[in-house]
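A lone chain, given as structure tokens: the form predicted alone.
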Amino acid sequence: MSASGAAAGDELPPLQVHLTRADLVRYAGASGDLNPIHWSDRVATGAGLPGVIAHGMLTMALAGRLLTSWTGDPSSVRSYGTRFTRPVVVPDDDTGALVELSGKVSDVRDDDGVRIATVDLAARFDGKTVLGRARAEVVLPS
């Protein structure tokens, strides 16, 4: 489905991402979030977590990738908000954690000649939602 002809009820093409520990290390370096719960099992379990977890902002960014892949323009996102509801536990193996992302257009409106879509996003890990109330507004291509 093309973003240019989007209508309420349309679903975005789904995206699946395997997050590995190497991805977490790269994200930590890029973001400056070097909290050891994102790379050390000892620290993560000591903090009461089930293991090393992905950065919440990384998970949020993956859902943002779903949006920008759909619109074809990284600058198309006008607003985007979410809550982190569950951690994505990333095992220390070559496969990593599978994060499944999807989105559904809930509204399309015209704003001074610019078509704006409101998209409800979902991110799932291990069959459970990891982002709550994830919603974005994007400018649709003409």
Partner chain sequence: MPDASWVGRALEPASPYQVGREKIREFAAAIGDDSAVSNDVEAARAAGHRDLVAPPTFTVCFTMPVIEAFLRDPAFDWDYTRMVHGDQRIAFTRPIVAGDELTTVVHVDELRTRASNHMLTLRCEVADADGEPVATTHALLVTQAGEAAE
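Numbering follows the first chain given and starts at 1. Everything numeric in this text was worked out from a predicted model, so none of it was measured.
The same protein also has a form predicted in complex with the partner chain, omitted here; what follows describes it.
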Can any non-hydrogen atom of V108 be found within 4.5 angstroms of the partner chain in the predicted complex? no
Consider Y27 of the chain shown here, and say whether it contacts the partner chain in the predicted complex, taking contact as heavy atoms within 4.5 Å. yes
- Query: Could you tell me if L58 has a non-hydrogen atom within 4.5 Å of the partner chain in the predicted complex?
  - Reply: yes
When the contact criterion is heavy atoms within 4.5 Å, does A97 count as touching the partner chain in the predicted complex? no
Near the partner chain in the predicted complex, with a heavy atom at 4.5 Å or closer, the residues from 111-142 are none
